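Quick setup: one chain, the form predicted alone, written in structure tokens, and binding and motion questions come after.
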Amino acid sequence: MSIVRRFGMGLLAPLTAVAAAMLITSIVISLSGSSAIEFWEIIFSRPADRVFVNIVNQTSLIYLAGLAAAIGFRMNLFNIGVEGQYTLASYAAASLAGAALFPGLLNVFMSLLLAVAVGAAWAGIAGVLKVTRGVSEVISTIMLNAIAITLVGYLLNRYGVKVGNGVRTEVIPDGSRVDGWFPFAEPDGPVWALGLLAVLGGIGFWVLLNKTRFGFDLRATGASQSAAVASGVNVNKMVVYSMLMSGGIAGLIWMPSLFGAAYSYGTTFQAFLGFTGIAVALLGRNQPVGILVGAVLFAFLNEQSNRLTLETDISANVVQITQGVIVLAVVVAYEVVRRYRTKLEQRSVTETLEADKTAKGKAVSA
């Protein structure tokens, strides 16, 4: 298969998925009595400077969530507990940072370490249960989500600071805030400096998968556990290590926002990023660049949808339909394209063998 054809086949699945999502979303909007054209005009209009900053910031959070989910997926582990892991880790980091036990940036560093440790430990519970008791990580991580969210709610209400009708942790001192830089006017807000964690995470994920023995073992175990065992891989250790790494990255998800804008854990906490990360990891085929594309797309759709309720009678929830359809369509489209590509490769091999057979026959007869 030529390079041009391979490139075309690679683009076929995502383009088909996006086209299908646009078509289905348009049908849903039309059936509800609204204008699909108006919807797409708003979605694809140029974002305002403030919205552009929000898209960049949200992309960093969603990308970290996607990386956390992708590590498990590459091992054929379904870490559905990213939501609980980053919720518990965010509360722990915000509590430590607000207590100001360390000065300045050391306070930030220690809080980040705590976030990684808490996220890894919470995910590690599911890994240990799987290798010691055979408990499905899907069931255990779902249960751990509920426990983490309930636990954080209890701790926040018990030890948090009441502000009006809400409760939050202590505010991070000025010396430990990492705001970032302002690409536009100051009212448009800063791009969070700790968004660089997403960049470092993506680079580290690529290096881990493609340039290390651990990454090879990870991919081998995900492809075939029996083959991995035959090559000397300790599958149980890989399960636990993968869950620890997945949870560790999950712990960092909300850190750019905590130190760049929120400064405390409370009503400003952004929930459901863990579930969004799972969708983005599937959309990006668990590849660093693919996850980045998915994170940008989801952040763009989320931020642009805020104008819908202000300028039209279309609910912003329609965007969730679009995102869901894109994920489902990508999964289906990639499978269809994979089967089509396999069929073409088999046909090419058959034609090559027939040509060689014919050539040998002619040579013998000559």
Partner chain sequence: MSTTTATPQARMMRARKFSHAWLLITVLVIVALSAVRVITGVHEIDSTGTLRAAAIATCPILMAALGGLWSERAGVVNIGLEGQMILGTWGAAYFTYYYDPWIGVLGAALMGALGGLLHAVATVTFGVDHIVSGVAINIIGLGAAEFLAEAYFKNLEGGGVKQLTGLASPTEMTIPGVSDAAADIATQHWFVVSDLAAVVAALTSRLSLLTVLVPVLVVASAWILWRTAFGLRLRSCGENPAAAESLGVHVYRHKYIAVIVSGAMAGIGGGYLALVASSGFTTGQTGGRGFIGLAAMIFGNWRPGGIVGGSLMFGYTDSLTLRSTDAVHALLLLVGIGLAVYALWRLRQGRVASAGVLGAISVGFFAWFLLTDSVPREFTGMTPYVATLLVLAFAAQRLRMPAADGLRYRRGESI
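Numbering follows the first chain given and starts at 1. Values in this document were obtained by computation on a predicted structure and should not be read as measured data.
Same protein, other form: the form predicted together with the partner chain, not shown, and the subject of what follows.
Within 4.5 Å of the partner chain in the predicted complex, a heavy atom is found for every one of Ile142, Tyr154 and Leu328. None of Asn317, Asn306, Ser35, Ser45 but one reaches within 4.5 angstroms of the partner chain in the predicted complex through a heavy atom, and that residue is Asn317. Interface residue among Val191, Leu244, Ala262, Ile80, judged by heavy atoms within 4.5 Å of the partner chain in the predicted complex: Ile80. Only one of 131-139, 246-254, 83-91, 105-113 lies within 4.5 Å of the partner chain in the predicted complex by heavy atoms, and it is 131-139.
For the chain shown alone, Glu311 is not a contact residue for the partner chain in the predicted complex, no non-hydrogen atom being within 4.5 angstroms. None of the heavy atoms of Ala299 is located within 4.5 Å of the partner chain in the predicted complex. Although the partner is absent here, Thr150 lies within 4.5 Å of the partner chain in the predicted complex, judged by heavy atoms. Proximity of Ala198 to the partner chain in the predicted complex falls outside the 4.5 Å heavy atom cutoff. Residues Leu328, Val331, Val332, Glu335, Val336, Arg338, Arg339 are the members of 328-357 with a non-hydrogen atom no more than 4.5 angstroms from the partner chain in the predicted complex.
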